[in-house]
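One chain is shown next in structure tokens, namely the form predicted on its own.
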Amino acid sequence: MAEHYFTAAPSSPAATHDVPFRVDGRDLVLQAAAGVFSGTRLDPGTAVLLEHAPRPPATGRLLDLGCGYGPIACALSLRSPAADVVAVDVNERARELTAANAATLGLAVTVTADDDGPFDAIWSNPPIRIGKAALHALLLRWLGRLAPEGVAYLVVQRNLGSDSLQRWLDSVGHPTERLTSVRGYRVLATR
């Protein structure tokens, strides 16, 4: 079976790359690598999420679900330094990169494979390519860890099923609204 960014223990060489991007006027450079999601650049969907999702609350528990090399977790920690930012990913290389990137930037981010929550908010560019059944199971698991007033912000490309995902989330008791559509990506808010 071919390796994917959702492989737990990538065996491909971890050739690293600098990934520059900007958060709130601050230029950041994170290390990314082969074997993780968007290992050579900031994914366009992640860029849309960082630019167009609501700002995180100043405090509380904030989750980056499927953290990859950590651009969302690092942005959350920069924007809300008093919050408890948690980054999760099944991929151990992704977790290592996120921890190293946060440390290099002097950010407090807890990096783990799992966390029981609850979370006041979740941000995610979810792993659509794991397949519909696995994606649904993943989302149900983590959305169930939202605090009662919590909200999850998801970015999904229109042609990869954002509209059907929104309908499915509504149908399983997670009211979801489209906040914006930018460059073919939808930012969804689900409760």
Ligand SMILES: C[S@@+](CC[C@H](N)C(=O)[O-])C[C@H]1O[C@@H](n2cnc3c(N)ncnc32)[C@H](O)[C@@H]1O
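The first residue of the shown sequence is 1; numbering continues from there. Being a predicted model, the structure only gives us computed values, none of them experimental.
One more form of this protein exists, namely the form predicted in complex with the named molecule; it is left out here, but the text below deals with it.
Among the residues Ala102, Leu78, Val86, Val90, the one placing a heavy atom within 4.5 Å of the named molecule in the predicted complex is Val90. Just one of Val48, Leu138, Leu165, Val151 comes within 4.5 Å of the named molecule in the predicted complex, counting any heavy atom, and that one is Leu138. Residue contact with the named molecule in the predicted complex: Ile130 places a heavy atom within 4.5 Å of it. Among heavy atoms of Pro126, some come within 4.5 Å of the named molecule in the predicted complex.
Heavy atoms of Cys67 reach within 4.5 Å of the named molecule in the predicted complex, making it an interface residue. Residue heavy atoms within 4.5 Å of the named molecule in the predicted complex occur in exactly one stretch of 118 to 126, 53 to 61, 143 to 151, 156 to 164, and that stretch is 118 to 126.
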